[in-house]
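One chain comes next, on its own, written as structure tokens: the form predicted on its own.
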């Protein structure tokens, strides 16, 4: 009898934990479900729901998560008959790819230098890196604007690529992976005649690949969805990324807005699922104390 009671208690605790964890997940998924359902609703159905907003009737906006008659008109119109959307999409692709590539070229060697070599003021310089990482964009926006305007790249994609290429966060994240390398392994490589470049390529990069990929995943999620930087540094709307694309704020455009949001969300979800394991390992490694 006691065994049955203990078994029932364990089952009850398990169900309680599942419910406790599921409730926040449901609330987090609700906005995504709203986007998905709105993107396949007909224009007439969306017009009925949003009429209080456009006509100022004093009523509240109604909603249902299942469309009466699912349609794909908004996606077809957006992908095949909306050139500004396609232009914004390719702007996001070019910007994100250029930023991640430049961060790979600059951040990985910088992290290697901070973690492997000891030189004068190295600890202080790394502390400066960490402080810069903690500063939000609103604090550095004016200084970045002055520098970018001085070198003549305002209102170009370089105005977004250059500051992001020298971001300190990838250095901090990759630094932890290099820092965990056994010093004896590096010394053994030097004794065997390996140069510093060989140590970096053949030992450092393979063993710290998880942190490098974690930095890449986090960088993609950040720069694919960036909003403040293009708003501050780009005046030409044709240069804007997909994160700033919205159709005309008028009745009849709701479905286009929902479909655009869903398309913006798909690459982020795909990259997150693809690099989830590396992301978790990189975050855990970065949280460890030296």
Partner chain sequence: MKKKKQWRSFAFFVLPGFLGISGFMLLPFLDVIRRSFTAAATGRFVGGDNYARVFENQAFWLAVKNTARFTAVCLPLLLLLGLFCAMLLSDFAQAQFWKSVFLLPMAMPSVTVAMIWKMVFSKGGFLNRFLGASIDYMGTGASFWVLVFSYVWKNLGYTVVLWLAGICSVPKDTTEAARVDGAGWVRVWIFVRLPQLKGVFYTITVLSFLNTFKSFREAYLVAGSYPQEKMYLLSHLFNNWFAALELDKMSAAAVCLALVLLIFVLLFFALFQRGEEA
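Positions refer to the first chain, counted from 1. Rigid core (definition): largest C-alpha set, two forms, superposition within 1.5 Å. Quick caveat: nothing in here was measured; it's all calculated off a predicted structure.
Quick note: we don't show the form predicted in complex with its partner chain, though the next part is all about it.
Its partner chain is not shown here, but in the model of the complex it comes within 4.5 Å of a heavy atom of residue 269. For residue 191, no non-hydrogen atom is located within 4.5 Å of its partner chain in the model of the complex, even though that partner is not displayed. None of the heavy atoms of residue 48 is located within 4.5 Å of its partner chain in the model of the complex. Although the partner is absent from this view, residue 130 contacts its partner chain in the model of the complex, with a non-hydrogen atom inside 4.5 angstroms.
Partner proximity in the model of the complex, defined as non-hydrogen atoms within 4.5 angstroms of its partner chain, places exactly one of 91-99, 208-216, 141-149, 76-84 at the interface: 141-149.
Residues of 26-51 lying near its partner chain in the model of the complex, listed in sequence order, are 27, 28, 29, 31, 32, 34, 35, 50, the criterion being any heavy atom within 4.5 Å. A movement of the C-alpha atom of residue 81 falling short of 2 angstroms is seen between this form and the one not shown when the two forms are aligned on their rigid core.
Once the cores line up, the CA of residue 119 ends up 2 angstroms or more apart between this form and the one not shown.
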